[in-house]
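Okay, so we've got the same protein chain twice, two forms, each given alone as structure tokens, structure 1 and structure 2.
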Structure 1
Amino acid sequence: MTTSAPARASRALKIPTRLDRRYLPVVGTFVVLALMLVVGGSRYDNFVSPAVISNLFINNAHLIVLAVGMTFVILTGGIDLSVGSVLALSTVVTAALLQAGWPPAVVIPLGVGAGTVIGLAHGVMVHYFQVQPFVATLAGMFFARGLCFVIAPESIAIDNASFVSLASWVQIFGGWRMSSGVLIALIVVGIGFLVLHFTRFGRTVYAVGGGEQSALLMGLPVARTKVLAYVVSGTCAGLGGLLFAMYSRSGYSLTGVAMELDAIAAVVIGGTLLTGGTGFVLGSVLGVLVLGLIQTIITFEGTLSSWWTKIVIGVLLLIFVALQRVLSLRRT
């Protein structure tokens, strides 16, 4: 059988003749984001201005970090329901220690480390004790939230000069603003991208999500990978708490209520399969931007209730889950 010249050339140059199905949800998310920007820009004045786009990143820097950590866990076929409570715990620990006079150089690692320890506990329970991820992280959610109220029943303002100076750092580039929180979030995204796509640990994360038994038969370090995935998620939750403390200049026990659902929604809308094995960190970032842009559009509209944000997110989530189901059925 003869083949056409373009087909032979594409094989020789290793150029794909059609888009890999793994990228379709991410492409769909990008298209939705682009359409929202086009519609918003045509409907509202200054919608696609540097100030609005900069605020989109500044207001959602902590959620971007949460989504990066959640991507690792969901890629292994797990889930982490504790990230909102761990974020709150990090803000409370940070604020309480700063109020007690501890230096930021000591407080910041302790705030992030609290999330790392809880993530490690989740990983151990999930793999070694065979506890379902839903149950293990639900227990962690209650534990972290309760610990917040034990440490600080009321909101704690942060007035440490060094910490406030770090939180207030902003660079302006021709109308674009870059805060310290956004810079940290982008660094986390870059590290997450490099780890998932260019390290053995990242490739093993995909392999475990694609089939844990197959990964074991191939001799891959499944136990270490699953535990580390939850450690990454916990660390990102702790770091997200630090960014939120920088953003709000306070620590509060009720911070981050249901924020784990926003992180999961962003990851799923960004194209990561809930069954694991397929997904991308950059897709999760696009998912966060879609969620933030929905809120921005409702704010610009001025006549809609904020609850419409949840309604639109729910509709988008159902659409993307249905798309994932269709793609998985076609694959099998």
Structure 2
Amino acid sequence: MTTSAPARASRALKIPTRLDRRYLPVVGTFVVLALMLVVGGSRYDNFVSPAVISNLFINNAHLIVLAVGMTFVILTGGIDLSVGSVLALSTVVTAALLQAGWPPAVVIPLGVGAGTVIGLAHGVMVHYFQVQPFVATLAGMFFARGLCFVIAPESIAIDNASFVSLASWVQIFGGWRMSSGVLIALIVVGIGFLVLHFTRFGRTVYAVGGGEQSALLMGLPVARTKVLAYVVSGTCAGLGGLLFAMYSRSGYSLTGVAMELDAIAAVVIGGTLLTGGTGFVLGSVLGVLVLGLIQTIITFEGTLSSWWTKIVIGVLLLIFVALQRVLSLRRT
């Protein structure tokens, strides 16, 4: 891409024409995901069918949104343990307000906004008070869960007609189905991708993860970026809650217990380093699909007792991570 051939070409670093090393983990994830599909397809009837793949997305739309938000935070070198609880809070707020007769046009922004506010609080704690992200968001996790109980310990059904019709919107293409939730999730993924790769904020997120001090000395707006990353994650958790409320048409305070671990696992499986600075939103989406696929395999197996389910999930996770590791080590 450089304009002229320099005289000192002999010293220029030889760029491998093959795949950029940065994409290796993601490619690894993709390859192993494909392998899982192949193996699953050969073991179970109907496994690789449009219906199953569509369901994979429909069932995991909320998790995809959580993972996108989590990717931002992890890229800055942080972590957000609150997303499961915030998701629950958003479902509860949404359901409770709808039950109280508020119109969806007001309720939906409020539900999502609850996540934004909590995210902002995290950002402020992490950046201005230098509380470690793990702790700040752990506190946020308790806080959101506690708020859920205070609002409504029991599950609340949503029967608001316009909300239900939004929730049950489905587009059908042959055997493929796309729900409103999936559509929203895909839009979020698209926005996440664009923001991370085509805005200064996005690149600063990477810079902060690569070295907060360096980023600061480079004169980048570290404070704003870090706070904003938590705001993004909180908002995504709120939106995830909305999707979950649409998916289950209810709000429940015990929803999403330990869902933050799923989100973190998805992000990490997708090739993002927890130390920050490297990773991709699309990788995280693949990570969610991997987790979803593991669950699908378990259901298709159909004979696993509860404990074997746990053990098999662990083993599949191990195989997955080990394979991915081997693949990316090989190529480097």
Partner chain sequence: MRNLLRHHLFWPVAALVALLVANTVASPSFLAITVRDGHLFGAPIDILRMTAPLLLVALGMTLVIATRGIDLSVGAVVAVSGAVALSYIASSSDPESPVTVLTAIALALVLCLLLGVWNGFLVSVLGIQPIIATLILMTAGRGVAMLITGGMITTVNSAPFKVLGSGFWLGLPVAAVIAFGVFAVVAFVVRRTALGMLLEATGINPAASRLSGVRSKTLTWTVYAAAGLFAGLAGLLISADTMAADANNAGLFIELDAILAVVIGGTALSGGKFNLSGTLVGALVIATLERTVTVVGISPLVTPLFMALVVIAVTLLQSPRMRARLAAATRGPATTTTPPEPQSAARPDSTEVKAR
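Being a predicted model, the structure only gives us computed values, none of them experimental. What we label the rigid core is the largest C-alpha set whose atoms superpose within 1.5 Å from one form to the other. For residue numbers, the reference is structure 1: its sequence is counted from 1.
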{"item": "Between structure 1 and structure 2, the form predicted on its own", "value": "1"}
{"item": "Core superposition between the two structures, C-alpha change of T275 at least 2 Å", "value": "no"}
{"item": "Displaced residue check between the two structures: T299, CA, 2 Å or over, core reference", "value": "no"}
{"item": "Distance moved by the I311 C-alpha between the two structures (core-aligned, Å)", "value": "3.9"}
